[in-house]
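A single chain, nothing else alongside it, follows as structure tokens in the form predicted on its own.
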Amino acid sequence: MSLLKADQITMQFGGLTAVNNFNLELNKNEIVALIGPNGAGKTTAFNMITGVYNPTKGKIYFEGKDITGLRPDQITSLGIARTFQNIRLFKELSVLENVLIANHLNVKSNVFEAIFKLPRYMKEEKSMISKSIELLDKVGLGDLKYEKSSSLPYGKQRRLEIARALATNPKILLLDEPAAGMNPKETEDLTSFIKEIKEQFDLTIFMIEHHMQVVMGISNVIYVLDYGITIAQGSPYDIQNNQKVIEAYLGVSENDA
């Protein structure tokens, strides 16, 4: 059984169909990429899977359970975390504080216990701090834990955003254009980082990415969207040699070339 399955999910905004009958299967420990030209519907597909949008039709299943229509926080608590194309850190907070916020998803104590610093909350807070520091060490940000997040170089800000998603203990991590805005060295480091966290945290990774070097270098399976429709899926080799994909990206066919 696949870890996550999208069954003909469709998203319409008025008369516009942003994604049409999209099918997806994510299996454990795979890295799967979703590519396509700008405006193809990639982020809309992400938003349906993570509960930002409720599909107009179709179903989404996680570990065999129908999660269609659940709120983003409910989906995150089940084990599906995401990052965004535009980095969304709490810029005035420290690196450690950013990760601590994500760790609060797993807190059992209530507001009353937190306000009056009752024993259960204090015990959980101590545990959260310890786990957050351990996570930052694992992702190479341990020595920066007390730095303000806005002071980090761009590549490390992206790494922090991924670390914050990892703090929710996901089984599936969705990355929305993780290499956006990075220079070649940062992109190379990110590619290695994604491989490392997949193994280290036993993850399945689903990503949108425009950098073909990243996509072709680490993906097991690639899906291609164009105008909201899946035009191809397969291995990196299959996709590189697919004429429909070439036409979608270059706007030419074999007869025009």
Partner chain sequence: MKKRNLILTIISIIVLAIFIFYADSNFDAYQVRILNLCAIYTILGLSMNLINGFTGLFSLGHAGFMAVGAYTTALLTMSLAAKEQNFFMQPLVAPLNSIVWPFLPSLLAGGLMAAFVAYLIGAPALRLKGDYLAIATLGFGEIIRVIFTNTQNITNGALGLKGIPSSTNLWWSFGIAIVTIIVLLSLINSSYGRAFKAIREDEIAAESMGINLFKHKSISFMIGAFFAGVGGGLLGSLLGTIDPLMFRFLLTFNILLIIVLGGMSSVTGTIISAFVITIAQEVLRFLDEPMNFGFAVVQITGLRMVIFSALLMVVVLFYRNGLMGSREFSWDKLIKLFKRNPLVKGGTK
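Residue numbers count along the first chain shown, from 1. Computed from a prediction, not measured in an experiment: that's the story for all the values here.
The next section is about a form of this same protein that is not shown, the form predicted in complex with the partner chain.
Across the proposed site, 82, 105 and 109 without exception bring a heavy atom within 4.5 Å of the partner chain in the predicted complex. Figure note: of the listed segments 115-123, 133-141, 151-159, 178-186, the one touching the partner chain in the predicted complex, with heavy atoms no more than 4.5 Å away, is 115-123. Contact check for residue 97: a heavy atom falls within 4.5 Å of the partner chain in the predicted complex.
Remark: residue 169 does not count among the residues lining the partner chain in the predicted complex, judged by a heavy atom distance of 4.5 Å or less. Proximity of residue 73 to the partner chain in the predicted complex: non-hydrogen atoms within 4.5 Å are present.
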